[in-house]
Structures are given as structure tokens and as C-alpha cells.
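The form predicted on its own is given below as one chain in C-alpha cells.
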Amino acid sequence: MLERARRSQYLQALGIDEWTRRVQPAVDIVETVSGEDEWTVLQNSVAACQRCALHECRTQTVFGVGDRRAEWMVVGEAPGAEEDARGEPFVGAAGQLLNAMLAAIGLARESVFIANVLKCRPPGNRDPSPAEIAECLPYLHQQIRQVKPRLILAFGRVAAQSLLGTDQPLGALRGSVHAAAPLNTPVVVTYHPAYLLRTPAEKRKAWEDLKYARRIHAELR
């Protein structure tokens, strides 16, 4: 009963009516020590990175959090002020909504791996420049290689375009399965939680994207 009540709260946060179909349980977190040295090297490389000017104004890098062997990977745009301060992606109000979106399809935050295209905060939360994306994208590609997710959820236009190497608008990318380098990992695109907080009318479209992603993931198993 408690679990059902939580799910109702999550769906309410998304602005979605209660539905009766049972969801699959969250993916189990699998602890592993394989590749630990490679992962540590990558973390240290990101922490010490000075490949673009963003290192001059960051508090700290935001590497990513979650299960390093997750079947689902969440990719956002770049850290904001709170992420820069805490060193963790998707925190604050946008992070709470992301958690609700994941929970609505049966996923705990801890069962996925969450990262951004950029590991440093752009000043004033501006959009990343093409040069900044080009310098930082190899780190994300290395994370994808090591996590080896079955499916990537790209949240927002910048994340989707950067992952897919395209300039197509987000609306044109929704509703289809794409493939992301370096492993041709299936990608489903949806709206960024921060955008949904500003534009709650689009939450129903995001819910359709999440259901679509869940269906695609089930077909990949």
C-alpha cells in the first residue's frame, strides 16, 4: 500500500492521472569491482580537466552519480548553480521532478546512471557553446563505454543534439529510437525537467515519452 501511495504521488507531481497497469520493478543495483581502475582514472581526468575556459569559474566538476552498471542512463545538458555547489547532477526542483519521472516508470534514482554532457557549469546557466560540447563530449562517451546501458534517456534539446550529432529540434526527435556514439546505444528523447517546471502543460507529452522508453527497453531485454 505504501508503494502504491508513493507511485500516486509521483504521478501527481507529473500532472498525470492515476493508471492501473502494473509497472516493472526497478532495475536491481549490481555492485561490481571490474573496471574500477578505469573508472577512477576517468573521474580524476574530469576533476582535473582544463580543456575549456569553464574550469576557471567552476566550484567543482559534476561527474555523474548512480549505478555504474545500470541498464538505463540519464543524460542532461550541464550543471546548474546547485549542481555546481553539490557536485551532483539533477538536484533541486528539477532533480525532484526527474526522480518522480523515473519512479513513474518503476525506476529508482539509484538504479540508473545520471550524467550531463558538460561536467562544468556554464556561467549564468547559459547554453553550452559548440566548442565546450566538443571538448567535454569525449568524457560522456567514455562513461557510456564503461556503463554500457541498454537505453539512454536524453533530457532536453542540448543533450539530445549533442548525443546524436544533429541540429534537429527536440520535437522532431521525440517519439523515435535513435542511436548514440560510441556504442550505438538506443536513445529516447524527452523534455528536460527544468523546462517542464516552467511549462507544465508539456508534462503529458513527457509521460508519453517515458512510457515509450519503457516499452523500448522491454523489447531490448
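Residue numbers here begin at 1 and follow the sequence given. From a predicted model like this one, the values you see are computed outputs, not experimental measurements.
What follows is about the form predicted in complex with uracil (URA), which we do not show.
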Practice prompt. May I ask you to check whether P122 falls inside a 4.5 Å heavy atom distance of uracil (URA) in the predicted bound form?
Written response: no
Worksheet item: Is E71 close to uracil (URA) in the predicted bound form, meaning a heavy atom pair under 4.5 Å apart or at it?
Response: no
Discussion item. Just checking whether P89 would be counted as a contact of uracil (URA) in the predicted bound form - the rule being heavy atoms within 4.5 angstroms.
Written reply: yes
Practice prompt. Verify the contact flag for E77: yes if a non-hydrogen atom of it lies within 4.5 Å of a non-hydrogen atom of uracil (URA) in the predicted bound form, no if not.
Written response: yes
Discussion item. Within 4.5 Å, heavy atoms only, one stretch in 99 to 107, 79 to 87, 145 to 153, 129 to 137 touches uracil (URA) in the predicted bound form. Which?
Written reply: 79 to 87
Worksheet entry | Any residue of 177 to 198 that, in the predicted bound form, places a heavy atom within 4.5 Å of uracil (URA) | H192
